[in-house]
Structure formats: C-alpha cells, structure tokens
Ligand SMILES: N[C@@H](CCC(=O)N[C@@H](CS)C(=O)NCC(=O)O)C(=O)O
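The data below hold one chain only, encoded as structure tokens and taken in the form predicted alone.
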C-alpha cells in the first residue's frame, strides 16, 4: 500500500493529483505543514529528516520532494494511463518542464499568492507582490508560446509534464493573477484543472 503524507493545501496536492490519475489505492495521512509536533515526531523524521511534506512511502521505498514523487509515480505506475512520455526525448522534456516550473514560476507565484490573499493584512507587502507579478511575465510568456501550437506539453496528450506544471500555475487562480494575456496557457490550464482526478485530489 502506498502512503502519502501531506495536505491538499500544500505541495502535496500535486502528488495527490498524480495518485488519483494513476488510479492506485493509497492511504492518505493529512499531515499539515503547520503541525510542528507532527513534523518533528521521530517516526516521521525517520521517513523525512527535513521535517517537511509531502513524503511518499511505497513499500520499503521512501521518497520526498513533490516533483521527484510525481516523476517516480508516473514512471512506475502511469504508463497505462499515458502519464509517462513515449521516448527518451519527450521524457527529457517532461523533466525539463518540471524543473522549469520550480525554478522560474513557483517562488514568484507563491509570493504573489501569500501577499495578495493568504497572509494576514498586516503582514502583506504590496510592493513585494507587485515585483513578483512582474517577474512572472517572462516565464508565463514562455509557457504560452510553447502551448501556442499544441494542446499539451509532451506527446500530444496529458502527461506528468502537464500535471506538474499545471499544479504550480494553478496558484494563479487563488492569487487572482490575471492570465488573459496568455490565451493558450489559460485554455490549457482550464483543461488540466477540469480533469476528474484533479477534482478528487482537491477534496483530500
């Protein structure tokens, strides 16, 4: 039995989405990133010495870091569902897009989300939010251009590449970051987020 530690209101969401896509039975342990006692529990630290979520336990195999978890799940269990790319070339593209969204988008978009919506009003920094909104324009243009002549990022279908990127870019919606100037990106994101597996993961 696979076990995933983490809540959907965290980076664990992308792993819950992947588990729902592959269709395997799994046990969900909704460990909250704000639960210091739970994160510092010796039994959990034995699994993840960083004291963070998510953590995946698959039999005797333990893995942390959300993108690594998703690439592993897609590679090991997602072939029949079409989630793993068809060739080494498109596999490389899946890795590329997964790393790209982490380095080019995630930090800036999370900063906007925190300072526009999540933090208490007194702790928000509007200038910091505005600065990071500006930093997002170039990477979002890159993604929009990549999707300009295709429906998905790799192999003409929804794969781990789309899931990993969409899970991060989806923060634009709660952050109220407008995507109207990125029409291909916006259409692709809506398509990804309409998937039943994504909706099931959101309720975990």
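Numbering follows the first chain given and starts at 1. As the structure is a prediction and not an experimental result, all values here were calculated from the model.
If you look for the form predicted in complex with this ligand, you will not find it shown, but the lines that follow are about it.
Asker: Does each of 36, 39 and 66 have at least one heavy atom within 4.5 Å of this ligand in the predicted complex?
Answerer: Yes.
Asker: Within 4.5 Å of this ligand in the predicted complex, heavy atoms considered, which of 172, 53, 154, 140?
Answerer: None of the others qualify; the residue that does is 53.
Asker: Between 102, 114, 93, 81, only one gets a heavy atom within 4.5 angstroms of this ligand in the predicted complex; which residue is that?
Answerer: By the 4.5 Å criterion, the partner-contacting residue is 102.
Asker: Okay, which stretch from 146-154, 131-139, 45-53, 174-182 lines this ligand in the predicted complex, with non-hydrogen atoms inside 4.5 Å?
Answerer: Among the listed stretches, the partner-contacting one is 45-53.
Asker: Does at least one non-hydrogen atom of residue 186 fall within 4.5 angstroms of this ligand in the predicted complex?
Answerer: Looking in the predicted complex, residue contacts with this ligand do not include residue 186, since no heavy atom lies within 4.5 Å.
Asker: For 1-19: residues with a non-hydrogen atom within 4.5 angstroms of this ligand in the predicted complex?
Answerer: Those in contact are 10, 11, 14.
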